[in-house]
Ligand SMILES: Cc1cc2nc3c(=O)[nH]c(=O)nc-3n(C[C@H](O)[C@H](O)[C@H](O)COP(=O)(O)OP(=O)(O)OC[C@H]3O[C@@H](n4cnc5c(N)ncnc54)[C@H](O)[C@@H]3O)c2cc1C
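There is one chain below, alone, in structure tokens, taken in the form predicted on its own.
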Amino acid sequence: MGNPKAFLTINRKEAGYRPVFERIEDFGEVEQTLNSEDRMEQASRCMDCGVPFCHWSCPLSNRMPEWQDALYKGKWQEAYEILAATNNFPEFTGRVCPALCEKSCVLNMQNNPVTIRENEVAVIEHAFQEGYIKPKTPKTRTGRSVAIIGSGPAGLAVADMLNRYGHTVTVFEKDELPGGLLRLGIPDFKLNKKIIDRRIDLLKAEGAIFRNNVEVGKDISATELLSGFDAICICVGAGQPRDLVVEGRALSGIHFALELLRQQNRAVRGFRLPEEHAIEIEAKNVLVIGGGDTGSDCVGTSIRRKAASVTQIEILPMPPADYNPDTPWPLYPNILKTSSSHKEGCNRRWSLATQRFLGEAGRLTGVEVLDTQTGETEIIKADLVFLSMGFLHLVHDGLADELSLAYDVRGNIATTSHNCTSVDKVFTAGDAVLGASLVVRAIDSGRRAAAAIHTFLAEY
């Protein structure tokens, strides 16, 4: 610990967001950055605790005290090397991770944790800018080949690790560009897609092969992959959204959240849908059903698309604002989370259950909701509804059913051990086996799967 009193004398300082009036006019990243001196000062606040709960809570087991100390001392390259030893993609987690590490930081007992997430993205961006990161191709190739199905964070982590081991990896992506939900599910105002492009270019330079617009189970059979590769890893995510089957569900104007987010992410890149399929939001009253991050992304997107009003409802009660005794430190706290999008003009409500959708001439006009605490009903005016209630499991049709994979009780891919599925030489990682989860957990799952596949190939 370079400065043993910093946590006593220096307060937490966040970079903050761009002004609301400015950021709602575009899809640029909303988060600002601190200068290098401020960032190093923030890193000095790390106490190098005897028991580093930040390390304990991170799915990737990032060594926070070590790289915080290096950052504080201005050893940016050393900080990067420590960080990259456990995290393949700090540029992703530094932007979209909910920072489990910060919630378990000892300083969070006083609601004043180290700015670990912001420090993380500062280190990786500095590493790219200063040229610390260069393509590193394996000195030798093993002659083994692996097909990776899906290019989200889990698939990219598998590809990165296996390529480092010297295996030849081919990533199959059903959409036009790699990235999975990083690219099409997270808005540009949280994750600029040039950040993904930069990493994909690096992986390609290191030898990874990407085949886009190829849906395994449709454009190419899983059987072909089984015969053409030494191993397969399924990283297709949990793509089956939770539906809301109530009266009026068939009315026009009701969409799953990803329908909006996928359209908008493509639009920012310059892709345009046929007019009959485009979701028009301007001057519409928007209701988002579901209080999670995806719902928040729909809120921010709708505001930028000039909705007349945006309301977000949640069936659960409003959580405590600052402290919840049911989730004490160092656990991740179940408390009120207010995103940058919520601060842009959103009416948030809790304890509301959807009873039915109302409409005229086949078009949505409102939603009848029940207050689960009072038992009273009301009608919320709505021209558009975005269903954002989470995801059930991976889509079974196609690839998974073709392979006759076994599923667990939740409908995820069942694994025996070491990310192995019920089918020989077929592995899995990410949300396909975990269920819908965090980017950081997907990366960790991908790293574990890659290690298992590497062991398998060595014995194959």
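Residue numbers run from 1 along the displayed sequence. Small disclaimer: the values here were computed from a predicted structure and weren't measured.
This protein has a second form, the form predicted together with this ligand, left out of what is shown; the following refers to that one.
Proximity of residue 345 to this ligand in the model of the complex: non-hydrogen atoms within 4.5 Å are absent; the residue sits far from the partner. By the criterion of a heavy atom within 4.5 Å, residue 399 is counted among the residues contacting this ligand in the model of the complex. At the 4.5 Å threshold, heavy atoms of residue 208 stay clear of this ligand in the model of the complex, well away from it. None of the heavy atoms of residue 241 is located within 4.5 Å of this ligand in the model of the complex. Interface residue among 287, 235, 105, 162 relative to this ligand in the model of the complex, by the heavy atom within 4.5 Å criterion: 235. This chain is displayed alone, yet in the model of the complex one of 380, 133, 268, 261 has a heavy atom within 4.5 Å of this ligand; that residue is 261. Only one of 416-424, 28-36, 55-63, 431-439 places residue heavy atoms within 4.5 angstroms of this ligand in the model of the complex, namely 431-439. For a residue to qualify, one of its non-hydrogen atoms must sit within 4.5 Å of this ligand in the model of the complex; all three of 98, 155 and 294 qualify. Looking at 185-224, the residues that come within 4.5 Å of this ligand in the model of the complex, counting any heavy atom, are 185, 186, 190, 214, 215, 216.
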